[in-house]
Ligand SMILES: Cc1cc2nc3c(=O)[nH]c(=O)nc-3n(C[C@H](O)[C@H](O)[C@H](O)COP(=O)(O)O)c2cc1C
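Below, in structure tokens: the form predicted on its own, a single chain.
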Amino acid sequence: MFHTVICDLLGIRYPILQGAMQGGGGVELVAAVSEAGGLGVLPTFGGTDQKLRADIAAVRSRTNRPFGVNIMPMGRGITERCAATCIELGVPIVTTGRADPGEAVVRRLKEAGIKVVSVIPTVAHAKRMESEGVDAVVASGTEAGGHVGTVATLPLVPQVVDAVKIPVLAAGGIGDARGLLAAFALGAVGIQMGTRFMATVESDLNEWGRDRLLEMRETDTVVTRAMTGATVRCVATPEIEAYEAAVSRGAGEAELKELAQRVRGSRYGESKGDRRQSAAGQVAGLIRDVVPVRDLIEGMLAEAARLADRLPAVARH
């Protein structure tokens, strides 16, 4: 029922992409999503080439189904290094996020037979990526976790659908069957989902982060520049709240730099009780359980089918 053009394009069973997540979406999650019929996507932000190579090998040891690698264009050198590794190792799909990786990088990936899916925050960005030759775009609204723009998912997706001829997926605020159906209603051919996948058995989110996620409200995230220098939606921890309070009162550059270092210094702790900083979307307020990836995906699709069967009757009333 939910087989779309993105399934054929990427060689996946279901039109569900896992958003790349540092600190929540490691090898086990990526492999589990691909095994369950979606597209698992490895993060590269903040990692080394050695780690990327090890992660790719680890995913391949766990699944023979398609998976992707996300390239975060945080500089020409990093972008080209990640692209070269993906080409060398024959990664089938690359997603790009936050910024334009550049036409030359897209062209090299395409010439190597790699499908390229770009995550975009505006119509203009979508049109530019289409002109550079990407295979599809993910229209990601400001509700999403991670790097975000300023346009919400509901108005963004249909405008992108109207503006480009390539397939469009929706992201931002999607965490259950209702969100999946809403994406289709907006004209998308599938979804990208990140935050909901953090509350799965296979996620590597630590204990503190998982417990925090289960008790969050929709208002418990904040968009800040403290984490990377660009706008990121993440869990509103005391460190980030202190940074944002300083921004509001017009603190100087030196103070903001010190507060940002505190935020970044608490991001990657290894302790199970550590308050590691984590990106998360507003959909966190919907999450109340931790389930295996396969149960999540198959449950969403079954519920979406039930809801879809009810839609005509609802419309008549």
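Numbering starts at 1 and follows the sequence shown. Model, not experiment: these values are computed from the prediction.
FYI, the form predicted in complex with the named molecule isn't displayed, but the following is about it.
Contact annotation: the named molecule lies within 4.5 Å of heavy atoms from the stretch 39-47 in the predicted bound form, the single such stretch among 288-296, 53-61, 39-47, 245-253. Contact check for Glu143: a heavy atom falls within 4.5 Å of the named molecule in the predicted bound form.
Within 4.5 Å of any heavy atom of the named molecule in the predicted bound form lies no heavy atom of Cys82. Residue contact check for Ala280: one or more of its heavy atoms lie within 4.5 Å of the named molecule in the predicted bound form. The shortest heavy atom separation between Gln192 and the named molecule in the predicted bound form is within 4.5 Å. In the predicted bound form, not one residue of 236-255 has a heavy atom within 4.5 Å of the named molecule.
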